[in-house]
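First comes one chain, alone, set out as C-alpha cells in the form predicted alone.
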Amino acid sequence: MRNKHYPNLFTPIQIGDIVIPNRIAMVPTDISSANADGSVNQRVITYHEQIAKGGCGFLIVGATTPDKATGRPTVTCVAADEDPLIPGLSHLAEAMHRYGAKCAVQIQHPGRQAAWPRKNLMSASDHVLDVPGSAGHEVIYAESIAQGKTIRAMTVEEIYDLIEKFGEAAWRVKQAGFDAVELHGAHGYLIAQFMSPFVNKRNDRFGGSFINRMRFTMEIVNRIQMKCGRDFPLGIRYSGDEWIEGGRRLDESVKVAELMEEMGLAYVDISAGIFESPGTVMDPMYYPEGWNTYTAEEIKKHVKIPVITSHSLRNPEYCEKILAEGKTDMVGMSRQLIADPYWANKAKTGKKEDIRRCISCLVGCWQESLMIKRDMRCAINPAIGDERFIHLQPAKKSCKVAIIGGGPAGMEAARISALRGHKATIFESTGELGGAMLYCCTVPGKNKMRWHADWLRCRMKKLGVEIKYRTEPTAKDLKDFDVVLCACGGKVAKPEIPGIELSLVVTFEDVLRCKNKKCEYYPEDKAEPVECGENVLIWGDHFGAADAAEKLGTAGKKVTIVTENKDFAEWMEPCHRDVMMKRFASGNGEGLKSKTYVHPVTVIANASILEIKKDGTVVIVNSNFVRSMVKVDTVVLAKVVPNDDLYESLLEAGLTVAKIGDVKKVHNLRGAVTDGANAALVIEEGVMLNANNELISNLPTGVEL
C-alpha cells in the first residue's frame, strides 16, 4: 500500500538481488566508536540498531578499514582485516536485520588521510598534505607550527597487497551476513586518491589516463567479485565533483559510473568534494538542502543501476520531490540520522514537526569528536554516544524544577525533566524562547540553527512545560522549587575604557536581533535591530563576532575585526571557518551561489582597543604595544562572559541551584545542550549539591550527607 504522505519515499527498490523496503539510505558514517582493535562493541550496535528501528531501509556502516596497520580513518573505526572480527560484524548485521533493514559495510582505506598511524602514510603519489578540516589532519602541538604531512607513493607491490586486503575484507563482510559491500572512493581517501587527477601523478599502470587512474578500483572490484561472487551486491561511493582545480569534474564522474556499471556494480553512491575543499565534503550550515543533487541527476541519465544522492537532505518533502522527479533513486542521509535516528518513521506517519532536523553545525559529530580522536557525539541529540538518554528512566518522585533562562540549555533541561515526570517551569526574561540560537536567524546561511530552536519550542508545548515570560525571579520566588537550574546564558563584556558608553558603541546582540514579525513565536515588544554605519569595527572573538561580521559583510558594510588572539575564530569548526574566511576575502565556498561581500573583511590580530573617541576614531594597540587608529561609524562589542550574578545570589540564599550552559562556561550549542541534559538526568528526590556545587543523587547505600 502506497504511503499517503510520501509515496515515492516509501516505495521499495531492488539493488542487485536484494529488495530495499524504502528509498531511504544511511550513507556511510564513521562514528569512531569501535574497540581499539576495530572490533564491534555494543556502542556501535546500538547506534545502527536505533536507525534501523527508526525505519531506514538501507544502512551502510561507514569507514571500515581493510588494514589497521597502514591506515585507520579514525582511531576507533570498525575494522575487517582479521577473521576474529567476523562474529562482531555478524552481531551488527543481525541488529539491523531484526528491524527489516538491509545493510552493507563500506570498506575504506584512508591512505594519506589516516588518523592513525600519523606517519609514513601512503598514497597514489608523493606530496605534502595540509587538510586541517580532515580527521587525518596534521597534529600541531602547542608550541609547534604547521609543516604539512609528508606522504609517500605506494609501490606496485604495496598496491597489489592492499587490493588483496580489500578483497579479504569484503569476504569477511559477506561471511558476517551483510547484504552488500560499498567501496569508499570519495573525499580524497585512498581509492579517491588513485581516481583523482589532482592527487594521482603516477606515470605507471596506475596513473595518467582515465583508465589507468581507475585501475586500482577495477582491480579491487575484480578481487571482491572473485572472493564474494559477482551476484554479491557491490557499490561505490565517490564524489561527483571534487571542487578543486585539476580534480575530477562531473563529466568524468559520469564515465566512472558507466565503467562501474559495466563491471557489474549494483549501485553508485554520489557524494562531493575532496578535503582540500572541505566545505563540499562536509557541507556546513551555508550549504542549502540537496545542493549536490544535480550530480546524481546527471549520472542517473547515463546508467541503469540505482543512484543514491546525499548532502544536506533534511525534509521529507524535498526528498519526495527529487524522487518523484526522477533525479535520484534513493536519498542518502548521514548527519540527519545522527540528529534523529527515527526520521523515516516520523516521515511515514506524517509527523514532520517531530523531526529533529540536523543543523549542519559539525560540532558534535566532527570538531569535538572524530577530529580530536574521540568517539562520535551530536550537538543536539545527547543520546548519540551516551545511551543513558535512549531509555530515560522515570523519576521515583516528581520534583519541581525551576529553570532560569529559555535558551538551548534551559529548554533541553526542561525537555528531559518533563520526559522523566518532573514539573518544569522556565523563567524567561524576554518574550520568547530560544536564547543565543536566535541570533543566527539574521545571518545569511546560518538560519538552520533556528530549526533546533523551533523544535525545542514545539517540545515545550507538547510536554506542557510552564513558561513565565518577561520574568526575572528572585530567591524568594524560587523557594518552593526542589531544584533551580541557572541557564541565564552569557553577557557582553564592556571593558572599562574611554568611550565604551558612547552611542556609536553597540553589542552583537543589538546587531543580530531579528525582526521577523511573521514568526509565530515573535513577541510584540521585541526591540528593533540596530542599524550600523558603513564602516564597522567588531571587537571580540566569539560566535557573536563571526555572525555579526557575516551579516554586515553580506549587507555591503566595510568590516574590521579586532581580536586578541593570533588569528580570528580559531575555535570555529574548521569546515565552517574555511568557508567563512573565503567569504571574508570576497570569495565563496566551493559550490555555493550565495551573495558575496562587496568589501573584504579586515582582521587585526594580536590586538586590543585602548579608546573609542566621539568622532569614531578607535585607538588600537597590538601585542608589541604599537598603536594604530581606525575611523569607523559603529563599534560592535562581541566578547561574551558568563552571566552568573543571579547564580551567586541564589547559592547564598541556600537554594539547590546549579549552572548550565553559557552561565557555566561560554561554549557552543553542544555544550549548552549537554549541560541541560546531564543536569535533568540527575534530578531525583533528595537531589543535592556536592562539594563542587554540582547536582548529585542516587548515592550508594549507606552514604549519608
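Here the structure is a predicted model, which is why all the values come from computation and not from measurement. Note that residue numbering follows the sequence shown and begins at 1.
There is another form of this protein, the form predicted in complex with a small molecule, and it is not shown here; the text below is about that form.
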Flag Arg577 as yes or no: does it have a non-hydrogen atom within 4.5 angstroms of any non-hydrogen atom of the small molecule in the model of the complex? no
Any non-hydrogen atom of Asp30 within 4.5 angstroms of the small molecule in the model of the complex: yes
Test of understanding: in the model of the complex, would Arg314 fall inside 4.5 Å of the small molecule by heavy atoms? yes
Check whether Pro66 has any heavy atom within 4.5 Å of a heavy atom of the small molecule in the model of the complex, and answer yes or no. no
Interface check vs the small molecule in the model of the complex: of Ser417, Gln193, Ser271, Gln113, the one with a heavy atom inside 4.5 Å is Ser271
The one residue among Gly188, Pro278, Gly406, Gly332 placing a heavy atom within 4.5 Å of the small molecule in the model of the complex is Gly332
Spell it out for me: taking the small molecule in the model of the complex, does every residue among Gly421, Val484 and Leu681 have a heavy atom no farther than 4.5 Å from it? no
Looking at 36 to 44, 646 to 654, 667 to 675, 55 to 63, which one sits within 4.5 Å of the small molecule in the model of the complex if you count heavy atoms only? 55 to 63
